[in-house]
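Take a look at the structure tokens below, where one protein chain is shown in two forms, each on its own, as structure 1 and structure 2.
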Structure 1
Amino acid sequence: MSLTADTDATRGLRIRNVGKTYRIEGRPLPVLQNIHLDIGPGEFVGIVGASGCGKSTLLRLIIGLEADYEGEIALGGDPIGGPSRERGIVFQDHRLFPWLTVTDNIALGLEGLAAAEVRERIAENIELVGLQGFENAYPHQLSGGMAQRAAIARALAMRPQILVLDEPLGALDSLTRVRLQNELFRIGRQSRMTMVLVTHDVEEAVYRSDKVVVMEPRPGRIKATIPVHLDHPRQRGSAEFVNLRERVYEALQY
């Protein structure tokens, strides 16, 4: 913890002039360029953009899964140099270990905690995602939606400061998706968890986010950052909402 003033600017996530280049067959392929973004603690940020615009790469950089990048990424003033339990991720695919039960999968991220604490967090998060009764099920015994819920529980159980979500609900049926989105959103608000959600769903992004980041591809850049200063729960039909949604759609067209 830094001793400087505990303001949002120092506690939040600071992304400055970040670029990332992959090498494909020896030739450089820039996937991210000149990314500036500030995310305050407890903020909900939606990132939208066409495929190939580097959304997922940006999340991987925040998590610390990509070592080699230009620019500066810092959380609470500390530069990010690798993964940390302060930063959780839910991938597009659930990535549960197939040889572990739901309980054991969630317990993976709780190494080092007291046994009672581990049990408590597992029970709490299984309930949160509505998987009671499936504690001892193996991933292959779960439906896709249930497996994704278990993956969300695994990430939440670590109680990260930031949770990044790489379109984790895209493959779910709409009913389950809406329910889980509501749950996730509620959890984020309640625990003041910062959330960064990559999504294709513009409506959803505007509905949830404190700001919507619109990205454009080749190379991945931020086209616009659109703040959404509307109180929750938002009225999808209200003039302001429709107006903001149109602004996001406009930014997406290039």
Structure 2
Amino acid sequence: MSLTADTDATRGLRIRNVGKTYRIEGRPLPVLQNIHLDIGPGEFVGIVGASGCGKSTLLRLIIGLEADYEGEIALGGDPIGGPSRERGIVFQDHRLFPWLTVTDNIALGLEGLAAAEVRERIAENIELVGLQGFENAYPHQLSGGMAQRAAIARALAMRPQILVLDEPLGALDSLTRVRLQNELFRIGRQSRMTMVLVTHDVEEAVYRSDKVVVMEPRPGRIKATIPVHLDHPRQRGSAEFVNLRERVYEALQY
């Protein structure tokens, strides 16, 4: 069974001079301005910033949920103009369909594949997120952490080249949050998948990321990109970790 992306794993994400403006009651409201960012294949990138700085909007552009923007977003040189199986997303709430089982929810993005391939992908990703035995459970029968695992499995089943995570652990208790942080890191390394995580948790970003992107608001801009050159497993109490965390906090001051 293959856990890697269906497409060429050497393709990186290139973002150049990206801007996004909404219109509120007929008036322009710039949300993103002059965003430049390179994300290499297999990188885990954390994006932090205050509410309203455009983090989630940037993720929507990367996924292709919105195509009305200025500048260039390209995956391996191919412009992003709409949703694609190459790019998966997990939101803060699991967004599972309540009338479908875990298996059926995961199968939603696999239309057009042979039945045997669908079964294989469902099985491998249920195993990957540790939901064996809950294949036929409905969302209301799952804990919050288990529901998020199912949502992650649904995104991974499409074998995206990039997995975008929009604060997927924000609503969980601290113990479940730490456990799923570890799971996401393990999945990323095992699948060699590029991951982009939006979070308000600076420690979470430093703990998992290869680099942390700090954004400032109104309109959203990248203020700093801080590389994280720490070996894994990382020690949250180490001097190097604490120093990096403080650098991110300092960059967040406006």
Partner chain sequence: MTDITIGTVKKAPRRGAVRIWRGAALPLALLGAWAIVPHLLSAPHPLLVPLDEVLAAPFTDTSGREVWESLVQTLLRYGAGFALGAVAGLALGLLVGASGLADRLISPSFNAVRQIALFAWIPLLTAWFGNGEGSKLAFIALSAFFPVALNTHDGLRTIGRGYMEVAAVLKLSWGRRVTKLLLPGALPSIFIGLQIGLITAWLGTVGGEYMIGVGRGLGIFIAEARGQFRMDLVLVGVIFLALIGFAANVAFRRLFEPLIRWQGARP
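Remember, predicted model here, so these are calculated numbers, not experimental data. We call the rigid core the largest set of C-alpha positions that still match within 1.5 Å between the two forms. Please note that residue numbering is based on structure 1, beginning with 1 at the start of its sequence.
Between the two copies of this chain, it is structure 1 that is the form predicted together with the partner chain.
Core-superposed comparison between the two structures: the C-alpha position of residue 90 differs by less than 2 Å. On a core-based overlay, residue 128 has a Cα shift of 2.7 Å between the two structures.
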